[in-house]
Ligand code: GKR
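As a starting point, one isolated chain is supplied in structure tokens, in the form predicted alone.
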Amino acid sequence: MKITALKLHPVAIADPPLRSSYGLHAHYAIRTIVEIETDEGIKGCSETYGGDGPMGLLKEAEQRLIGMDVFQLTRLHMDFEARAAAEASGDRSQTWHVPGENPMDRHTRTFAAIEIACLDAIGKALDKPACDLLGGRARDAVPFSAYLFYKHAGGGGLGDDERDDEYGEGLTPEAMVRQAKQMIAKYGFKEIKLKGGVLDPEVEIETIRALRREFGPNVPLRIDPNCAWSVDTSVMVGESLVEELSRGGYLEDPCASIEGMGEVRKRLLAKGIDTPQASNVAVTAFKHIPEAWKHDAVQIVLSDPHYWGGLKAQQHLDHFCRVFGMGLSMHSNNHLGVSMMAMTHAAACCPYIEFACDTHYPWQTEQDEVVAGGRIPFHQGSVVIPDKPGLGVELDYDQLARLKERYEKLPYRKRDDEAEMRKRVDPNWKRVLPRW
């Protein structure tokens, strides 16, 4: 089964004004739907980051793909690995880059988009779900967490396309408890993650404490300030939240660098505090894992098939973490239903994932879904692997056309949270690490 065409569908999806240490989300997030066609009439799809950079790399790969057997992914992977090695210069961490804009992982994420589309086509040809192509699933349903964000008022979109503000402004502990209650009531999530690094650490500490008071000790809590804190502040937060982050929770990327997180870990252990630390910023490549292990900096790696290199790489990472005695979960970015299912299949075939995965999916809306038949459903906080081949989804081409038309009207072609922050909140705002 050979590839006869590569089609790229750039889309724009409404995004609320969510905050992080990187800045502010724009009115629209941009994504790319990748589609391959084969000589047997079978199509495969995937979803990846949006904008000129990701699109350009995929277009460059087109001639290499035409005529390629979709089953023969190893040599394609070798080609992309060779390019990455030849151009390697600098740090591949996400410390200074929003997802999709890190030049050091561009070849890995380009391969991932192609691999997932090929696995979708292979699954359809063999009438097998994508996770079953990689040795079978460890679980039939994948749990996800309620992903809370401090946010300004607004539901995303502009003008006639402005969306209802489902969750309202969220800039206080009380508002974040309300946000969590709404999200859990709607989706059934059983774990909670707070995106921090936005307000004064004392306010974020109180937010976690308010969530614990509301939901009790059996709902694991985690906080992720995306490196906004110094080592001293990270230790202070770890001390303050020792009870709240126990029972299945963790402290995620509190400060910059593997060495910094190792120092936080050392100081907390010296105080008898064994709160695990997680990372999707300092640890984003296989070479980071031995270094993180050496410094005892990261106990839980937050994977992501989009920039770790696809479903097979995700499964390798699962085994790699097992060897090093590390836990595993999954990071998330703004995404639609195609990525939702790719993430679900990736997690399903990883036996050692022990924590509910992240997902931004509740922040996107039915109006923007490109999956035929509508949004991917959650069942008690989990997504079930459907009894369908490949990723288990088909594309809605009318929706793709509408979202592409919207994309073409946007004045930007890359994500820039710092620029949005200056434009809409504070004209003098800059991302500074550490901020506290």
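Here the structure is a predicted model, which means the values were calculated and not measured. Note that residue numbering begins at 1 and tracks the sequence as displayed.
From this point on, the text means the form predicted in complex with D-glucarate (GKR), which you will not see here.
Shown alone here, E204 lies farther than 4.5 Å from D-glucarate (GKR) in the model of the complex, counting heavy atoms only.
Contact check for N280: a heavy atom falls within 4.5 Å of D-glucarate (GKR) in the model of the complex. Within 4.5 Å of any heavy atom of D-glucarate (GKR) in the model of the complex lies no heavy atom of Q299.
Within 4.5 Å of any heavy atom of D-glucarate (GKR) in the model of the complex lies no heavy atom of F144. Not one of T48, R106 and K312 comes within 4.5 Å of D-glucarate (GKR) in the model of the complex, counting any heavy atom. When D-glucarate (GKR) is considered in the model of the complex, only one residue from G155, P99, G262, P220 comes within 4.5 Å through any heavy atom, namely P99. Among H360, R212, K124, H295, the residue placing a heavy atom within 4.5 Å of D-glucarate (GKR) in the model of the complex is H360.
With D-glucarate (GKR) omitted here, the record of contacts in the model of the complex names 223-231 of 112-120, 176-184, 71-79, 223-231, defined by a heavy atom within 4.5 Å. Residues from 406-428 that approach D-glucarate (GKR) in the model of the complex with a non-hydrogen atom closer than or equal to 4.5 Å are R415, D417, in the order they occur in the chain.
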